[in-house]
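Read the single chain below, which is given as structure tokens and is the form predicted on its own.
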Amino acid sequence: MLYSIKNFIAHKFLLRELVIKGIKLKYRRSYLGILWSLLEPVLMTAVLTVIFGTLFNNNNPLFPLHILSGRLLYSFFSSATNMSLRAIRSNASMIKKVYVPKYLYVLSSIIYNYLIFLVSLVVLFGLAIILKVYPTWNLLLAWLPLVLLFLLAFGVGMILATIGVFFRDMEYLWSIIMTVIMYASAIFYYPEKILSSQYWWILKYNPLFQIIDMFRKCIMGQTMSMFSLLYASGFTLVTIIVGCAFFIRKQDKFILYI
């Protein structure tokens, strides 16, 4: 553990440069640049509110806030894990030339997507004010699901980065899995009907849904579920342990397959 900490400190400058590089590449040749992180969720929320509000005959004035909060968290998780999946292979040229702790490529992918995600939260809080959903003491706990979201993305990212080196088709398989996760995270609908049906376990045991649900409750002035907090925390911890152990065990073989 002490060696890992020293190793991380020794390469923190490189991590910062990788994060900056990732942000620049994401918005390369874009006129609006990082402003797209504000415009895209606004436009998407407007479209989804019209479509799913009409489809489900939903007249709840807070429905746009429900959609936007879920959409932002899901979009970060999707982008971060997809970038992590390709992190080792996309940096193959550097890995072959110089020694760099390989987990930095995964971590930098998570961090720069997380920074863009945090910027996009400005839109969420702006919408909350417009809809007259004002801050309460519960908002002070919103950092808990946000931290868990980052850690979950890192744990899953480490697993995907390892698998992606040896099994290239994982990139296509993961896109399908993320579509399933999207519909199982109650982004476009209220979860009450599912939780009261025979398919309740789909949401209950989906850690991303639990994180999204906790965050939604915090911004809407409600008390988060203790089950959600404990389950999401436990699942995230196990995922990080498995991901790091799997990555460390296989990283010496990366050079043979990239």
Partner chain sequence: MEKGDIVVNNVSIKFNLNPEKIDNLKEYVIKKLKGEISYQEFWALKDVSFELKKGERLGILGLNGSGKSTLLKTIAGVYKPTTGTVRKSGLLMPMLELGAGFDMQYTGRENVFLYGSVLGFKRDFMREHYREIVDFSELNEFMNVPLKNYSSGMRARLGFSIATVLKPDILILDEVLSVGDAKFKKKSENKMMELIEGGTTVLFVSHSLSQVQRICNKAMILDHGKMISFGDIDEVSKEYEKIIE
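Residue numbers count along the first chain shown, from 1. Keep in mind that this is a model prediction, so the values were computed, not measured.
The same protein also has a form predicted in complex with its partner chain, omitted here; what follows describes it.
Enquirer: Tell me the stretch among 182-190, 165-173, 69-77, 113-121 that has any heavy atom within 4.5 angstroms of its partner chain in the model of the complex.
Expert: It is 165-173 that comes within 4.5 Å of the partner.
Enquirer: Answer with one of 94, 178, 133, 141: the residue that has a non-hydrogen atom within 4.5 Å of its partner chain in the model of the complex.
Expert: Residue within 4.5 Å of the partner: 94.
Enquirer: Answer with yes or no whether residue 137 is in contact with its partner chain in the model of the complex, where contact means some heavy atom within 4.5 Å.
Expert: Outside the cut-off, so no.
Enquirer: With a 4.5 Å heavy atom cut-off, would you call residue 129 a contact of its partner chain in the model of the complex?
Expert: Output for residue 129 is no: heavy atoms all beyond 4.5 Å of its partner chain.
Enquirer: Contact between residue 240 and its partner chain in the model of the complex at 4.5 Å, heavy atoms?
Expert: Flag for residue 240 set to no.
Enquirer: Quick check on residue 147: any heavy atom within 4.5 Å of its partner chain in the model of the complex?
Expert: Looking in the model of the complex, residue contacts with its partner chain do not include residue 147, since no heavy atom lies within 4.5 Å.
Enquirer: Going through 97-122, which residues have a heavy atom within 4.5 Å of its partner chain in the model of the complex? Please give them in sequence order.
Expert: 97, 98, 99, 100 sit within 4.5 Å of the partner.
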